[in-house]
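Just one chain follows, in the form predicted alone, and it is written as structure tokens.
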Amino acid sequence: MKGLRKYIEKIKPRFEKGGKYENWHSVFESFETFLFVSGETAPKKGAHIRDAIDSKRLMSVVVIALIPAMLFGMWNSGYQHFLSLGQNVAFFQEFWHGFIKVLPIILVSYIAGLGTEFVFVYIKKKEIEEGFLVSGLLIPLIVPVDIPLWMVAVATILAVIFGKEVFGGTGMNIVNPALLTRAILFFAYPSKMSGDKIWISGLEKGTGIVDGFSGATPLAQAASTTHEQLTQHGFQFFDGFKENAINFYDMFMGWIPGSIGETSTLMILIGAAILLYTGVASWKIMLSGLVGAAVMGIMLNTFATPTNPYMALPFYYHYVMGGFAFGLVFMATDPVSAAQTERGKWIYGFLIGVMAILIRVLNPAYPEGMMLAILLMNVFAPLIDYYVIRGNVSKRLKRVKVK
């Protein structure tokens, strides 16, 4: 690292004012501050906190927390592929297949997103904003493994422009850019973001697929359960073959079809532990989201009807199905688009849990609800904070009047 530090210092004058590459100063500064903590501090006058932690380091922690879900997603992509072919292969062959499928999506996400930010950096003459370090990895983990790469590029570019830059960049955006990317993909290319054949590598082509194999996710299976099936057997889930039943534990572990990084609740919990231990994410939002989902799930259980058997699904199954856990841990806790006040975080998380289950169960056209729930509450987060702050001000004014 000392050698790299010396090299950076050696070429730095070329990018400063008067240097050969002064127009690229902001780009150079971005890479320098990513590699090394900036020597600059807050203004010397006034009360400021000074330490070695900056936004880049915080974003790096989130990236580290995403690695377990990413690695598992790579393996599971290969596992599901060979399962659909009826082949039993070695672990490393499964992982390698998934690695080859997932890596290009990650590269396209970063190239498209960072490339767009480079353009805005050059125009604004400011350093690259580090928020996309996380968004660039989140995007590949919330899409199907066979999503066309050009779609990922188009949606990512649009999300960076209209989800970040038009609001002023990182720290100013009102919605989560990664979720906005998924929303653009979902509404612009619905056939590539919903259905039973998109979640498993090669399933859409149908070449070599074993007869009787289905790529339906547990979430889709629950949504399609009829009243007669529920009466006879309760909710039944399978791993692609109807004779191969899977249970809550299987879904918790994650060897099921789904978006690349969303299937394993265990891996997501490992990431959550990292975020909570380092203080990067809010435990209030996570806990209140779980409570909100439980409250809505139990309410729907109470009023379940034969016309919508999905209402009878036990609430805790929602935790391990679809993108609920992933969204709650990595997206609902986004410090920019989430509520900022402490009481507001409780309200914000609770409403995300409520809305996610409500959308899932009562919207037959959209069995997943986490994306829409978080985006909706992103928009309402400033309003929640406003009323929390106004409430606190009113209480203090009353105490002053009493005195």
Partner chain sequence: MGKNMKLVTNPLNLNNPILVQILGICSALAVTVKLEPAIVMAVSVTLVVAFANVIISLLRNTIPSRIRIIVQLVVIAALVIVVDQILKAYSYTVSKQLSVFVGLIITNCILMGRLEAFALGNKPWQSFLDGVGNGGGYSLILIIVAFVRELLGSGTLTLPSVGEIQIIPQSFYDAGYQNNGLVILPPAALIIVGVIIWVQRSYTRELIDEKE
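Here the structure is a predicted model, which is why all the values come from computation and not from measurement. Residue numbers count along the first chain shown, from 1.
The same protein also exists as the form predicted in complex with its partner chain; that form is not shown, yet it is the one meant from here on.
J.: Considering its partner chain in the predicted complex, find the one stretch among 289 to 297, 266 to 274, 229 to 237, 160 to 168 with heavy atoms no farther than 4.5 Å from it.
T.: Of the options, only 160 to 168 has residues within 4.5 Å of the partner.
J.: With the cut-off set at 4.5 Å between non-hydrogen atoms, does N247 touch its partner chain in the predicted complex?
T.: Answer no; every heavy atom of N247 is more than 4.5 Å from its partner chain in the predicted complex.
J.: Mark Y122 yes when one of its heavy atoms lies within 4.5 Å of a heavy atom of its partner chain in the predicted complex, and no otherwise.
T.: Looking in the predicted complex, residue contacts with its partner chain do not include Y122, since no heavy atom lies within 4.5 Å.
J.: Is A188 near its partner chain? Define near as a heavy atom within 4.5 Å, in the predicted complex.
T.: Flag for A188 set to yes.
J.: Please tell me whether any heavy atom belonging to I106 falls inside 4.5 Å of a heavy atom of its partner chain, as the geometry stands in the predicted complex.
T.: No.
J.: Of K192, K197, K101, H81, which one comes within 4.5 Å of its partner chain in the predicted complex, counting heavy atoms only?
T.: Exactly one residue meets the criterion: K192.
J.: Would you mind picking the one in L137, M151, M311, M253 that has a heavy atom within 4.5 Å of its partner chain in the predicted complex?
T.: The residue from L137, M151, M311, M253 that makes the contact is M151.
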